[in-house]
Every structure is written in structure tokens, then in C-alpha cells.
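Next up is one chain by itself, shown in C-alpha cells, the form predicted alone.
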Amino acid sequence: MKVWTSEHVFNHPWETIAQAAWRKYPNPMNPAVWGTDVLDRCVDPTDGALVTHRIISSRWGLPSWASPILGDPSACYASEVSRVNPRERVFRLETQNLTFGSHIAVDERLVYLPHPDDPENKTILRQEAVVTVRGVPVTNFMESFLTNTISSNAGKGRAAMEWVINQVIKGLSSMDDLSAQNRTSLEYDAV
């Protein structure tokens, strides 16, 4: 088992970050994530938090040495449960991979909170990922490889958040607008 943690400060209010987190996918910084589907959404009557369960669809792009061991599906899935409490200004996300679950467990937790030194203008993101590989050769190597990949992808995730925040600030209010703009951006990048 390997644990990766990170902390990042966004120079944006918590409310802006919360809006952007909902609209994070699709985006040109993380083209591997191509879909999100809401399975369940409700308001917790005890505290007014919005609780949502989504399935995230993506491509992992495994290295060639891993495919014979794990297989290479065209689509990978993860379960994401989020809890947004606007009264307390806390946004929690917990994600667990579903694909490769018999060999690889990646449990990721993100928490967005107002920054304690500037709660009206800055938001702190705390991330943790626990990676466990079992039942395959070179377990330690694979755990290190996955943890390093998570670390490098975290930067892409923060860049994606900034991109979405800019879209929100520009006044794009619907996922259709973001999705259409993202498709156009990706088409130009592919050329």
C-alpha cells in the first residue's frame, strides 16, 4: 500500500471552486475522462448537504508492460460520492476505481475548504490517494508507478479546475457550453 497526499491553495472563493468542481469534466487538460453519469442525488435532511453518487468514465492508458497482467479495457470506471455542505462551506469527494478492482484499489479523497487565513478569497484543496495492488507480480513497483501517475495527474487536475473557473467567470452557465467548447479545443489540439 502507498499513500500520496497533497495540499493546494486556489486564489478563488470556495463558492467558485464548488461550482467549478461540478463542471470539471470534460476539459482539455484531462482528455482521458470522457463521461460522468449521476446515479443518485439527494439532500441530507440532517445538515442540508447535497450528496451525489456519480460514475466517472475514462481511459487509463496503461503502459504496455501492464496490459498482459491486467488486461486493457477500452473504458475504465470509478465510483465518486460527493458531499457539498454550503452552510459549512465544505465540499468532499471520495472516488474509488471499479475497473481492475480485483487487483488494484485506488481510493482518493478530496476536500475543498475556505482557506483559514483568507476564507472569503481563497480555497484550500487537500487530497489523499491510497493505492493498493494485490495478486499480481511486481506489486511494489506497480503501487509506486500508480502513485507517481496520481501525483503528476494532480497538476493536470488543478489546471483543469483553473480552466473551468475561467469558464465560470466568463459566464458560461451550462455544461453544454463547456462541453462544446472542450470538443472544439480538443479537435484543434489533435490536428
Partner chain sequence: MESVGAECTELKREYDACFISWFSDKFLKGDKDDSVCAPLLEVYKKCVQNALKEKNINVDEVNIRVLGTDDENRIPPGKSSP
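None of these values were measured; they are calculated from a predicted model. Residue numbers count along the first chain shown, from 1.
Although it is not shown, the form predicted in complex with its partner chain is what the next lines describe.
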Open item on the list: Does any part of residue 84 reach within 4.5 Å of its partner chain in the predicted bound form? Heavy atoms only, please.
Closed with: yes
Open item on the list: in the predicted bound form, does residue 164 come within 4.5 Å of its partner chain, counting heavy atoms only?
Closed with: no
TODO: Answer yes if any heavy atom of residue 26 is within 4.5 Å of a heavy atom of its partner chain in the predicted bound form; otherwise answer no.
DONE: yes
Task: Any non-hydrogen atom of residue 155 within 4.5 angstroms of its partner chain in the predicted bound form - done: no
- [ ] Go through 12-28 residue by residue and record those having a heavy atom within 4.5 Å of its partner chain in the predicted bound form; state none if no residue qualifies.
- [x] 14, 15, 18, 19, 22, 23, 25, 26
